[in-house]
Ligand SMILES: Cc1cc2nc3c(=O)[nH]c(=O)nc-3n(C[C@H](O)[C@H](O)[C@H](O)COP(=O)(O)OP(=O)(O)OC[C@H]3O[C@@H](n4cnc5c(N)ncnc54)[C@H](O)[C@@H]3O)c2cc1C
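A single chain comes next, written as structure tokens; it is the form predicted on its own.
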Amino acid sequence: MENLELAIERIKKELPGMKLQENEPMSAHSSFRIGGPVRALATPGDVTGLTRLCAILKEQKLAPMLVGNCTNILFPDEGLPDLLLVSTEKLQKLFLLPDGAIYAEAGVSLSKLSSFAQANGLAGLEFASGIPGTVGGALRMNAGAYGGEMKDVVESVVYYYLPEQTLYEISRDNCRFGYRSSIFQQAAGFAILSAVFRLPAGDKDEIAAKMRELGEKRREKQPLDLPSAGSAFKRPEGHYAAQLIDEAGLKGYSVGGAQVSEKHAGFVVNKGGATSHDVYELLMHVRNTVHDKSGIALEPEIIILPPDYCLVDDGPAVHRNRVTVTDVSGETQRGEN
């Protein structure tokens, strides 16, 4: 706690222009509309600010947690008094590179990214148009829908490796993408800053039509009118989580204000006044009931806090290229169009 308080004071003094919200209720940021106050939420305005912030935190022996739109996180009701969160929401640069690829920073929403691709006649991101997350979070979990995944469209990722206070660029092949997983969640210390997306040319009208079609499917099948964190469980191999939950007779089942959606059994929704305890108890009841009835263990896709956060001395060995802040800021090598 002492180190955290010292860090907060240093941020105020050394980074006076940075947005710093103390004792900030995470219910105001979470798509679940659930969560008590975090000790501090810092929002750097650009990559340079983020790296300066992380340098202060490392000197104070603190490991920050980076967040985007908080669309798949369950924050605890009692808050996180010992944690400083770092938001990437202001990392919003988005433009075409000279070779036609798309450069996007971590805070760019997937809806904005997919619309930008469509406007430039680039296909392949239609699946992402309705996913309520950001580039950084989507790459971390290899988000996907309707047969598409982030691994299918990304070419390279720039990340900040906290233990070394260094930026690296890593190719898609070395990101170790799997089903809802990547190298960025397999070890601590990775902060995704930006990515390059390589997409084939397509017809703008056809791309837009596909996006509208997928949007209609989402509105028809998913409970978009209630707070949730998207799919509650990962898809078990050879099965569908929603089908297993439905077959277990759990559609509509509630704990307090948390409910298995009556519209789509794969979603847990906040039907009003749900607490993190309600959601957690519901998730565990669903997991145990499905296992008892089918023998299949569902794994939550929602990030349930608080886990342990720590810096590591070194991450998994990967082929990566060291880069500088100006390499990823668009100020030198990547001129905006």
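Counting begins at 1, following the sequence as shown. What you see is a predicted model; the values in this text were computed from it and never measured.
Below, we turn to the form predicted together with the ligand, even though it does not appear here.
In summary, the region of this chain contacting the ligand in the model of the complex, judged by heavy atoms within 4.5 Å and restricted to 34-42, 276-284, 63-71, 289-297, corresponds to 63-71. The closest non-hydrogen atom of G136 lies within 4.5 Å of the ligand in the model of the complex. At the 4.5 Å threshold, heavy atoms of S156 stay clear of the ligand in the model of the complex, well away from it. With a 4.5 Å cutoff on heavy atoms, S114 does not count as touching the ligand in the model of the complex; it lies far away. Mapping the unseen interface onto this chain, Y168 falls outside it, with no heavy atom inside 4.5 Å of the ligand in the model of the complex. Only one of the listed residues (A104, A258, I131, A265) places a non-hydrogen atom within 4.5 angstroms of the ligand in the model of the complex, and that residue is I131. Of the residues H239, R198, R218, K90, just one reaches the ligand in the model of the complex with a heavy atom at 4.5 Å or closer; this is R218. For the partner-free chain shown, L224, S228, A229, G230 of 224-242 come within 4.5 angstroms of the ligand in the model of the complex, judged by any non-hydrogen atom.
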